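Here you get one chain, nothing else, as structure tokens; it is the form predicted alone.
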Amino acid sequence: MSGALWALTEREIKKWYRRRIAIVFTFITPLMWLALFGKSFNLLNLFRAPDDLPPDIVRTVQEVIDSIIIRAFGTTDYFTYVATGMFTVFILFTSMFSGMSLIFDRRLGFLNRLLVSPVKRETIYLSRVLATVIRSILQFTGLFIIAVALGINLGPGVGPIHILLTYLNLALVAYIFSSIFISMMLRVTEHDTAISVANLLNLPLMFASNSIFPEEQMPSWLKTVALLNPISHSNEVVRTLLVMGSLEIPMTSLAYLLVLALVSTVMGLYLSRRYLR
């Protein structure tokens, strides 16, 4: 099984990096989001003490405002807040289209060849998930370099361990989302359906999270949705590591993501046995 799993995973990765234009646009999109949205839509610039007051009063008022902002956002730099939230969002965007290759393989007949071979159904499913995780991590590397170039402010003491744990957290999230979306595509034969599902879910999942605004400031009903959203829990882990510079990962968020990973795995394995035929 391990040999077949790696062979199918390698095939998916090769298909991806041979589409050079698609890879270029993969990095242009986050660049546009971070450079245009992250830099221009800076909410924290609205909260500044008036310049026409005496300097001592301006300094005192600004210190009070900054303390309130830090309690809400964890930083006085809104770009840093948005960028660390966008890391998980772009993992979502990549994972949402992970089932597309399965649809094309079904339509082109390659999937039928696999199904009559000794390769297990679970291996076909897991190879797509693993390939998506690898692709997501490679894309995050480029995204992180872009964020650093644009001026993200990493917390004091952030080092290789913090970066490594961030990678592991985002790999876990990529695994969860790709498992879910590939499971949804096991019986789909039209790529238009996959695109429709992605367009239906991507923005609601992004805005119903703490990616661009703290959930504490949301209406109660939306806050409940945000607390159930795995993007919010991933953002908590990422911001703890990269913004606060702390290794004290919120265990509730980590446990929630691990449970989702287990549930999505069981669901994917069951559905692959039932519907891959």
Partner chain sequence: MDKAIIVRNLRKVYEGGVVAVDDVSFEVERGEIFGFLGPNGAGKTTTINILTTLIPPTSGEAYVGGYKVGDQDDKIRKAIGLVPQELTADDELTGWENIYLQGSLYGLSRSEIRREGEELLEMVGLEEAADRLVRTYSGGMRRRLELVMGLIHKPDILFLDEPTLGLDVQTRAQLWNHIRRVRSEYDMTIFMTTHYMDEADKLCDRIAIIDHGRIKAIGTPEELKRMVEGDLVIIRTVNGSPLEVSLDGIPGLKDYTIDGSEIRVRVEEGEKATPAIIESLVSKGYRIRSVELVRPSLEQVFLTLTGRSIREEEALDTISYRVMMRRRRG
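Just so you know, these numbers come straight off a predicted model, no measurement behind them. Positions refer to the first chain, counted from 1.
If you look for the form predicted together with its partner chain, you will not find it shown, but the lines that follow are about it.
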| query | Exactly one stretch in 101-109, 168-176, 148-156, 194-202 has heavy atoms within 4.5 Å of its partner chain in the predicted complex; which is it? | reply | 101-109
| message | Please determine whether His162 contacts its partner chain in the predicted complex, using a 4.5 Å cut-off between heavy atoms. | response | no
| message | in the predicted complex, does Leu8 come within 4.5 Å of its partner chain, counting heavy atoms only? | response | yes
| Partner contact for Leu271 in the predicted complex: its partner chain, 4.5 angstroms, heavy atom | no
| message | At 4.5 Å between heavy atoms, is Ile137 in contact with its partner chain in the predicted complex? | response | no
| task | Answer with one of Val188, Leu114, Leu130, Met206: the residue that has a non-hydrogen atom within 4.5 Å of its partner chain in the predicted complex. | result | Leu114
| query | Mind listing which residues of 175-191 have a heavy atom within 4.5 Å of its partner chain in the predicted complex? | reply | none
